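In the form predicted alone, a lone chain appears below as C-alpha cells.
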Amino acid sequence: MRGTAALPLPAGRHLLPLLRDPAYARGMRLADWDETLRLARHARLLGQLGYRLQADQPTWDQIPERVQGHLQAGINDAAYHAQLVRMELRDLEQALPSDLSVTLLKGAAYLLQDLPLARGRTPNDVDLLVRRADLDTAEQALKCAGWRMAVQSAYDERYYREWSHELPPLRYPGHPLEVDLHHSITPVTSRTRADDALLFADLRPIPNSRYRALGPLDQIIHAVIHLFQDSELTNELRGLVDLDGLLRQFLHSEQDWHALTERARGHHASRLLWYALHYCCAWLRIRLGLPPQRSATVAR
C-alpha cells in the first residue's frame, strides 16, 4: 500500500467500483466478470459482493445468469460458515463458566451483532477475549470440555504465553473452526500497545447472548490495528472493507469522528488510524466527518 493510493489493475478496474456502488455492475461485460469473480474469491469478498448485488434487485436482474451462480455460491458459503460460528459459540457457551465475562472479537462479534458488514462475510475462526486474570480459568474450562491446543512445539507455546496477546489456537476434535483465546488485542512486543483498561471499561452486552462486544470505537480501532500492524498487507482488501463497514455503521456525526480520533490516541493508534482513513477514502470513497484541518492532523 505504501507510495500510492491507487489499487493496481485489474483489482481497481471493477472490484472497487462494485464495492462502492453495486449499480456499477449494470455496465459490465461477461469478460469483465471473469477477472472480477476470480479476484473477489481470492480476496474472500465473493459472498459480501454477492449479497450487496443481490440486495439491489434491478442490478441483480441485469447480471448474467452464470455470474449470478458464482455470486450465489459465495453467499451460500458465507451462510454455511456463519452457521458453523453460531454452533461453535453455542458449544463454547456451555463450556465456559456462566459468571465469566467473555467478549467476541471481529467476525463472530459482527455476526452476533447482526452488523450489515457481516452479511455475506465468511468468518474463519472464533476469537474470544477475557481479562488476563481470567485467562487460566477460561483455558482450563475449555480443556476440560475437550478443546485442545493446536500447536505441538514447546517453543511456540512459550512464545504465545509470554509474548503474544492470545493463547495458542484451540480446536475441539472434529470441529472445523479454531478458537483463539485473547487477553488483549495487541501483542506484548507490538509497537502499538492498546490500553486494556480502556478496552474493558467499554464492553457492551450483545442482545440475546451471554457474550459481549467491544465498544463501537474500540471495534474500529481493533480492526485498524489488526490490518495495519498485525498483518503483512497481502490479500487484506477484506480487512479494509471491514473497516469501511464499521466506520459507516458507527460514525454519524462530526462528534463521532472526533471521538474516534481521541480513542485512537488513547490506544496509541493515531498513525494507524490515519492509514485506515486514507485508504478507506481513496479506495472505498467513504466521506470523513472531520473538518479538513482535523483530518489532516489525525496522525499527529
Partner chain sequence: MRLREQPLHALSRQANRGRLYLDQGAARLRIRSSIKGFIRNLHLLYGAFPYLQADTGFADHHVELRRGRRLRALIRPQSRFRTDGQEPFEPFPLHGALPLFEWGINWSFAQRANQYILLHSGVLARADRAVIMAAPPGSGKSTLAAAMMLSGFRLLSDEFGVLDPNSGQLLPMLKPVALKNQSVDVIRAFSDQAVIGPLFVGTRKGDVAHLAPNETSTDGLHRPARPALVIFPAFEAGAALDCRRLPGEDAFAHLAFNSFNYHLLGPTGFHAVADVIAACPAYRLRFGQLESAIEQIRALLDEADGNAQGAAQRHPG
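What you see is a predicted model, and the numbers here were worked out from it, not measured in a lab. Residue numbers count along the first chain shown, from 1.
In what follows, reference is made to the form predicted together with the partner chain, a form of this protein that is not presented.
Distance criterion of 4.5 Å from any heavy atom to the partner chain in the predicted complex singles out 76 from the list 140, 209, 229, 76. Only one of 238, 26, 248, 42 comes within 4.5 Å of the partner chain in the predicted complex through a heavy atom, and that residue is 42. Heavy atoms of no residue among 151, 153 and 173 are located within 4.5 Å of the partner chain in the predicted complex. Interface residue remark: residue 271 is not counted as part of the site for the partner chain in the predicted complex, having no heavy atom within 4.5 Å. In the predicted complex, the partner chain sits within 4.5 Å of a heavy atom belonging to residue 70. Residue 37 belongs to the set of residues with a heavy atom inside 4.5 Å of the partner chain in the predicted complex. Contact annotation: residue 163 falls outside 4.5 Å of the partner chain in the predicted complex, judged by heavy atom distances. Between 177 to 185, 140 to 148, 77 to 85, 114 to 122, the stretch whose residues reach within 4.5 angstroms of the partner chain in the predicted complex through a non-hydrogen atom is 77 to 85. The partner is not shown here, and in the predicted complex the stretch 161 to 181 never reaches within 4.5 angstroms of the partner chain through any heavy atom.
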